[in-house]
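In C-alpha cells, one chain follows: the form predicted alone.
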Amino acid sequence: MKHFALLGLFLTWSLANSLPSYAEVSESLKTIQSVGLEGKGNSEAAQAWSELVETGPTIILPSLQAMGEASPLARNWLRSAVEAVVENARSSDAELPTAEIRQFLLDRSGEPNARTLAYDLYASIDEEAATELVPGMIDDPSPGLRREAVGQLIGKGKSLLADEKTEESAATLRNALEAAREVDQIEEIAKLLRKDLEQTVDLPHQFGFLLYWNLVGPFDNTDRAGFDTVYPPEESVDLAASYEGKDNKEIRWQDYSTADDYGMVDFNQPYGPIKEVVGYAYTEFQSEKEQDVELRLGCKNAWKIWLNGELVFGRDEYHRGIRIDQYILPVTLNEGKNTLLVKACQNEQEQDWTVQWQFQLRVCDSTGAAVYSTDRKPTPDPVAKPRRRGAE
C-alpha cells in the first residue's frame, strides 16, 4: 500500500509540473539499484543519477523507498542524488515534500539508512520539529536514529550534572547506557558515570563479551604453518585431554577468565610473551532459543573460529590492529548448548607492537545489542587496571 501511495503522490506532482513520468523515474532508480562492484554499471548509473537530479524534489520519496532494495554502493548513489536535489531546491526556493519525508521517517519498517537520511532532510527543513521526534527514537531499529536519541540523553545527563543534580543525572545516563549500541557513546557514558558520578559500570556485561574460557597451548607456528595445521582441538574438544605441544611439551586445558572492560582474552597471561605459537580458547553458550545472531570478534593475530564444530571464518593476517567489532560474523545459534572454539596464532615478529596474542568476542543481535547466555556468570572482579580498548 505504501508503494502505491508514493506512486499516486508522484503522479500528482508529475501532472501538475509536467515532469518525467513515474515509469521513467522508476527505470532510473532500477538502473542505480543494479550498479555493481569494480565499476559495473557505473556509466549507466551516472546517467540515471543525472536524470533523477534534473527531475527535482519529486524523486525524493521514490529514492528513499528504493534504498530498501539497494546494495550499500547503490544506496550511496541514491543518497547523493537526494542530497543534490535538496541543494538545488534550496537554491531555487522549490518546495520540498516535508510532510511525506516526516511520514517516511516515522515508519519503522523502512530501510534504516534511508530513514536516517530522511531525518537529516527533515532536520534541515525544520530542526525544532525534528528534535522533538528524537526521544521517541530511543529504541529505534535504525542505528543512526537511536544514536540521535542516545546523544540527546547524554546531553541531558551532562546538563543535570552541571546543575549538581547528581541523582537525576545518574538516572538519565543509566537510561542512555541501556539504549546505547555504539562503542563511542557507551564509553562516554561509562566515563561520566564512573569518574564524575562515582558509579559502578559493568562494561563487559553491557557489551556482552564472553569472559569465561578454557585455554590450551602453545602449539607450534614456526614459519606461520600453524594456521593451516589441524591440531587436536579442531577435531574434537576434550577438556580432560593432554596434547603434545610446541617443543614436544605436554600441554593441557586450563580455566581462564577475564575482567577486562573489553573482554580481552590474553594468551600471554598464562603462557608468557612467546612467539611462533598457536593457542585455542573454548567456551559454551546456552541460547534460550534458535536465533540468528552476530559473533563480533576483535583480533590482531591470525585466527579461526568454529561454532558447534563448523568453521565460521578465519583470517591469516598478523598485527594489523584490533578494535571492537572488527569482524562481524552472522551465525545461527541452536536452542540450548552451543560451542565456540577460537584459534589464535602468534608469528615470529619481535617488535613491541607485535607482542599481543589475544582476542575479544561478543554475541550480539544485528543492532549491536548484547545477546546473553542463559547461564551467564557475573563479571569477575578486576585484578588489574582495565586495558585501553585501542592499545596496539
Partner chain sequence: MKRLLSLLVFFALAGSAARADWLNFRGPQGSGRALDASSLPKELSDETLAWKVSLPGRGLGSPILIGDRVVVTAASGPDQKQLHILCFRASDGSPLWERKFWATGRTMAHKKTNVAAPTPASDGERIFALYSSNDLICVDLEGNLLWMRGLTLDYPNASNSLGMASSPLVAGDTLIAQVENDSESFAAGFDVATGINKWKMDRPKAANWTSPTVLEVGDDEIVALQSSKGVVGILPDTGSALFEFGNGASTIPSSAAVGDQLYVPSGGLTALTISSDGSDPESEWNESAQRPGTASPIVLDEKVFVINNAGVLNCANRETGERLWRVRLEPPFSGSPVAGSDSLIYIFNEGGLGQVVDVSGEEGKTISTYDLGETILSTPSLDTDALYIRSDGHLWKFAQP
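Positions refer to the first chain, counted from 1. Not measured: the values here are computed from a predicted model. Heads up, when I say rigid core I mean the largest set of C-alphas that superpose within 1.5 Å between the two forms.
Omitted from view is the form predicted in complex with the partner chain, to which the following refers.
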| property | result |
| --- | --- |
| In the predicted complex, Leu117 touching the partner chain (heavy atom, 4.5 Å) | yes |
| Partner contact for Gly314 in the predicted complex: the partner chain, 4.5 angstroms, heavy atom | yes |
| Contact flag, Asp184 vs the partner chain in the predicted complex, heavy atom cut 4.5 Å | yes |
| Close approach of Gly321 to the partner chain in the predicted complex, 4.5 Å, heavy atom | yes |
| Joint contact, Tyr231, Val363 and Ser373 to the partner chain in the predicted complex, by non-hydrogen atom at 4.5 Å | no |
| Proximity to the partner chain in the predicted complex, single hit among Ser159, Asn76, Thr131, Asn268 (heavy atom within 4.5 Å) | Asn76 |
| Among the candidates Thr367, Asn334, Thr339, Gln47, the residue which, in the predicted complex, approaches the partner chain to within 4.5 Å (heavy atoms) | Gln47 |
| Candidate stretches 79-87, 236-244, 213-221, 249-257 - the one whose heavy atoms come within 4.5 Å of the partner chain in the predicted complex | 79-87 |
| Those residues of 146-168 which, in the predicted complex, come within 4.5 Å of the partner chain by heavy atom | Arg147 |
| Displaced residue check between this form and the one not shown: Ser92, CA, 2 Å or over, core reference | yes |
| Ser50 C-alpha moves between this form and the one not shown by 2 Å or more, core aligned | yes |
